[in-house]
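The chain below stands alone and is given as structure tokens, in the form predicted on its own.
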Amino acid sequence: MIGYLAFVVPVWIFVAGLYGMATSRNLIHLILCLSITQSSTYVLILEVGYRLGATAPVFSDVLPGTRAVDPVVDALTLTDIVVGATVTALLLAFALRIHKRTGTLDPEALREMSG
């Protein structure tokens, strides 16, 4: 039962970010809520790879047969963080460009300007 309870945290983070994106009236707020939504994947990946009582995956000083955490999970999490930071930086640059061009960050006002 406790195993499934751990997945409540990433779902809660995802729903909180999704709610923020749905109710956002500012592009910067929308981008930050997207970043929060993506951070739920970090927590989920780390929870999937967690092993109770396992050691770090440094095999030079670990006895054979000792349980170790899979290093691929950590590598995937780090890759996810780097990709998330890159996407956030790119979207913030787009928002800055949109603000310079239109003078607003309100998505509803931008919708009226399209065409």
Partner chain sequence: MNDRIRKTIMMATGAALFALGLWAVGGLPSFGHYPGPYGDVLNTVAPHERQIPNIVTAVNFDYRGMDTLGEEYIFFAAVAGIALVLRNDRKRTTIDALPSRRALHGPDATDAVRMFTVLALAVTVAFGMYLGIHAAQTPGGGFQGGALLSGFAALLLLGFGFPVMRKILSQDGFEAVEAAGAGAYALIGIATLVASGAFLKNVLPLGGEGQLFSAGTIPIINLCVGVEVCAGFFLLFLEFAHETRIEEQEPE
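Positions refer to the first chain, counted from 1. Only a predicted model underlies this, so the values are computations on that prediction, with no experimental measurement involved.
Here the subject shifts to the form predicted in complex with the partner chain, a form of this protein not shown in this document.
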- Task: May I ask you to check whether A6 falls inside a 4.5 Å heavy atom distance of the partner chain in the model of the complex?
- Result: yes
- Message: Within 4.5 Å, heavy atoms only: does N26 come near the partner chain in the model of the complex?
- Response: no
- So in the model of the complex, does any heavy atom of L76 sit within 4.5 Å of the partner chain? yes
- Answer for I36 alone: is it within 4.5 Å of the partner chain in the model of the complex, judged on heavy atom distances? no
- Message: Only counting heavy atoms and a 4.5 Å limit, does any residue of 15-33 reach the partner chain in the model of the complex, and if so which ones?
- Response: V15, L18, Y19, A22, T23, R25
